[in-house]
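Okay, here we've got a single chain as structure tokens, the form predicted alone, with questions on binding and movement later.
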Amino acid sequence: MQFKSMVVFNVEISPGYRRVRLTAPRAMLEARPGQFVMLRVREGIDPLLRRPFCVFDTGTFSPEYPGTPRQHYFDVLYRVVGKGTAILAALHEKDYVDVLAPLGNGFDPGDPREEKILVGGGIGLAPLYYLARELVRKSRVTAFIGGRRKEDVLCVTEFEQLGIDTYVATDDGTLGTRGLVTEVLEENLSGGEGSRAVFACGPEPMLKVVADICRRNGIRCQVSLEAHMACGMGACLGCVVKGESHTEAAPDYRCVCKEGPVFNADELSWE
């Protein structure tokens, strides 16, 4: 769909990180965890390209005016890193953005009898909270959240309010365990029993380690990739990654926006 969205709120949740709520058609409530949106943050051609953001949450709310019908919304979690996100951060209540959504393929929840393990680093928590809301209805869920410092660790309270056991790690030890979130993950996986599945999103080096840990432990793993995108629909081929069978003689490329952003970890080349 393409539609205009009104800003309901746009607030800072940690230094450099923000959460924006945007009105949406009811169909956005059917967006699957892991899918994303492309936002045009202002009219005109500067910036020329839309910006991709994972869906963090969806729902309905009651407007402040009596007698006004309930409205639907979706939330986006983002980090202010460049021109596009700086423009988005400057938007106020009742400003508008143009939206293409929902796009891409989301997570496969799998067997509800499996223990679900979520692994996120920094802004990679964005699609995992929406996933967690769905998984806790039927499965036991554990979350591992990492960041360079405490300011980069997001949404711990939100995960805990869902009743999820949540482990935190920071590189500098300012919150939770000192070290990498992948180290905490591996330590906990080594003593686990029963069927488990891992869902991860974050920087590529983190995802590579998570994929390797899961491979060695025989655990099903899905990863949500972060990528620069131009069209969001597979037309420009600007966000391709190497598939697991890729060679120079027989290239194997996967389009993140159309075939992903969620992939089974064993579908990709991590070299």
Partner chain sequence: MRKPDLSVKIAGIALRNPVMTASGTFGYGEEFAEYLDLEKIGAIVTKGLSLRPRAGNPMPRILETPGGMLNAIGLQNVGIEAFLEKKVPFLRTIRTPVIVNFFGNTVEEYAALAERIDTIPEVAGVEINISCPNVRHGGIVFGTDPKAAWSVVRAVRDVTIKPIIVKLSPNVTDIVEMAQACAEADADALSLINTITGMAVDLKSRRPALANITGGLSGPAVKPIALRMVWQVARAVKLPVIGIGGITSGTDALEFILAGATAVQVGTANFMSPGASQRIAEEMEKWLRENGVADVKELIGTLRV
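Residue numbers count along the first chain shown, from 1. This is a predicted model, so every value here is computed, not measured.
Omitted here: the form predicted together with the partner chain. The next part is about that form.
- The partner chain in the predicted bound form is not approached by Ala89, whose heavy atoms all lie more than 4.5 angstroms from it.
- Contact check for Phe9: no non-hydrogen atom falls within 4.5 Å of the partner chain in the predicted bound form.
- Interface residue remark: Leu100 is counted as part of the site for the partner chain in the predicted bound form, having a heavy atom within 4.5 Å.
- Within this chain, His228 lines the site of the partner chain in the predicted bound form, having a heavy atom no more than 4.5 Å away.
- In short, of 216 to 224, 54 to 62, 24 to 32, 40 to 48 it is 40 to 48 that has heavy atoms within 4.5 Å of the partner chain in the predicted bound form.
- Shown here without its partner, the chain carries Val156, Leu162 and Asp171, none of which come within 4.5 Å of the partner chain in the predicted bound form through any heavy atom.
- Contacts to the partner chain in the predicted bound form (heavy atom within 4.5 Å) from stretch 1 to 35: Met1, Gln2.
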